[in-house]
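A single chain, nothing else alongside it, follows as structure tokens in the form predicted alone.
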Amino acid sequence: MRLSTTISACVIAFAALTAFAQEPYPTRPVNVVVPFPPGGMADLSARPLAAAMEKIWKQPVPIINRPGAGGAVGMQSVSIAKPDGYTVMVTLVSYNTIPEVDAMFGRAPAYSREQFVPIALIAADPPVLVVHPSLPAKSVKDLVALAKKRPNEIVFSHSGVYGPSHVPMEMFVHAAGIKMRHLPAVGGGPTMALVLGGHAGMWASPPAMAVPHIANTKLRALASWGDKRLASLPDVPTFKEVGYDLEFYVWSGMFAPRGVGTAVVSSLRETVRQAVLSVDFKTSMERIKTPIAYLDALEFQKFLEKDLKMLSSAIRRMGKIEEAK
């Protein structure tokens, strides 16, 4: 009798485990962590993506903004999150730069890339150099000449040291042989506010954020970091056109914590694929002038490796840069 009871209990337990393993995903809200404040590129691409995913899953997909340390705070929180598929993140190119910077300074890493599983690339856009109208520079040539006359006087802002708007500016400063001061903020939105308010003279802005302010003449565009002109700013030359061999892309992509089950990863990949193909998502991205650059996990991994090589080289040239005091 006791053996029979034991066997029955084991059968019931096994059935319960099997049912749990086959539980559909998701059955509750999936949180998307954006490690930057509202208003930046990661946030602007994550919100319409989450809205499209909600329609597919019939589950809430809330955006959780968790800024700090150029994105490191939010990314570190996701790196140690429970790998059950209910916490994912949409982040930017700083995903690749932060570990390189930590290694250069010899400090404990905030996270490692090995702690994440790439799900998909969503967008990739070269930033555009925009200046406040009060700055007497109507071209890159003008700006370089002005900076050489006023070394360390002109201020550029960015979303955090070694972040996605800091690295391209330092690449330009190095290539032009000029000296400027930098004023860090805590994300794209606050950085734009500093420039619009005249507290900084310029920044490397995502086109989506810059276009409206360029249109109403609150900002002036001088050049972009792409290999070709931006469709949204066809009159703005690339740095390569004006004599500087510079190329940089601010990309946004989705990641999950390492350890998430293969079935959940497959669901995430397929849902993101459907979401970026949806009319609503395409319309949202067109509205903010950001081209979709979707790549599924395998191609995204190759993209990340190529991007890392370029960024590692740029960061080594930049060397150690401390926060402005």
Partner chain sequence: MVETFQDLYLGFSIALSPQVLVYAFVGCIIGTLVGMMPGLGPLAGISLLLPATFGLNPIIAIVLLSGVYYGAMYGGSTTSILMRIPGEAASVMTCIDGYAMTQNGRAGPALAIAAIGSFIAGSLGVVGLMLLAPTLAAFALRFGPPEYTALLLMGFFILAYMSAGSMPKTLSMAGLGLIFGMVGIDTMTGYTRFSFGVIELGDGIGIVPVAVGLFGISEILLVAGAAEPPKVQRPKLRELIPSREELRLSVGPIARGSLLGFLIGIIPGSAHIISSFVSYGIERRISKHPERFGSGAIEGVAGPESANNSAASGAFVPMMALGIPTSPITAVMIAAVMVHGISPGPLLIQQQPELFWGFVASMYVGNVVLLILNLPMVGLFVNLLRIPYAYLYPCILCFTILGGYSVANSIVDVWIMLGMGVIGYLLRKFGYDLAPIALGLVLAPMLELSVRQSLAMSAGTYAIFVNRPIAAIMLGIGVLIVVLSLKPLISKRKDWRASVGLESEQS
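Take the two forms, superpose them, and find the largest set of C-alpha atoms that agree within 1.5 Å; that set is the rigid core. Positions refer to the first chain, counted from 1. Bear in mind the structure is a predicted one, so any value in this text is a computation, not a measurement.
The discussion below concerns the form predicted together with the partner chain, not included here.
J.: If we define contact as a non-hydrogen atom of the residue within 4.5 angstroms of the partner, is M318 a contact of the partner chain in the predicted complex?
T.: No.
J.: In the predicted complex, does N216 have a heavy atom within 4.5 Å of the partner chain?
T.: Contact check for N216: yes, within 4.5 Å of the partner chain in the predicted complex.
J.: Would K138 show up as a contact with the partner chain in the predicted complex if we use heavy atoms at 4.5 Å?
T.: Residue-level check for K138: no, no contact with the partner chain.
J.: Applying a 4.5 Å heavy atom distance criterion, does R287 contact the partner chain in the predicted complex?
T.: Looking in the predicted complex, residue contacts with the partner chain include R287, since a heavy atom lies within 4.5 Å.
J.: Mind telling me which stretch in 143-151, 119-127, 233-241, 100-108 gets its heavy atoms within 4.5 Å of the partner chain in the predicted complex?
T.: Flagged stretch: 100-108.
J.: Ok, P38, P60, G261, P291: which has a heavy atom sitting within 4.5 Å of the partner chain in the predicted complex?
T.: Of the listed residues, the single hit is P38.
J.: May I ask you to choose, among A176, L194, A221, M180, the residue with a heavy atom within 4.5 Å of the partner chain in the predicted complex?
T.: By the 4.5 Å heavy-atom cutoff, the listed residue in contact is L194.
J.: Judged by heavy atoms and a 4.5 Å cut-off, are W225, K306 and M310 together in contact with the partner chain in the predicted complex?
T.: So, no: the whole triplet misses the partner chain.
J.: Using a 4.5 Å cut-off on any heavy atom, which residues of 69-98 would contact the partner chain in the predicted complex?
T.: If the 4.5 Å heavy-atom criterion is applied to the partner chain in the predicted complex, 69-98 yields A69, G70, A72, V73, Q76.
J.: Cα of S205 displaced 2 Å or more between this form and the one not shown, core superposed?
T.: Yes, the C-alpha moves 2 Å or more.
J.: Can we say the CA of S157 moves by at least 2 Å between this form and the one not shown when the core is superposed?
T.: Yes, its C-alpha moves 2 Å or more.
J.: Given a core-based superposition, decide whether the C-alpha of V195 shifts by 2 Å or more between this form and the one not shown.
T.: True for V195: a C-alpha shift of 2 Å or more.
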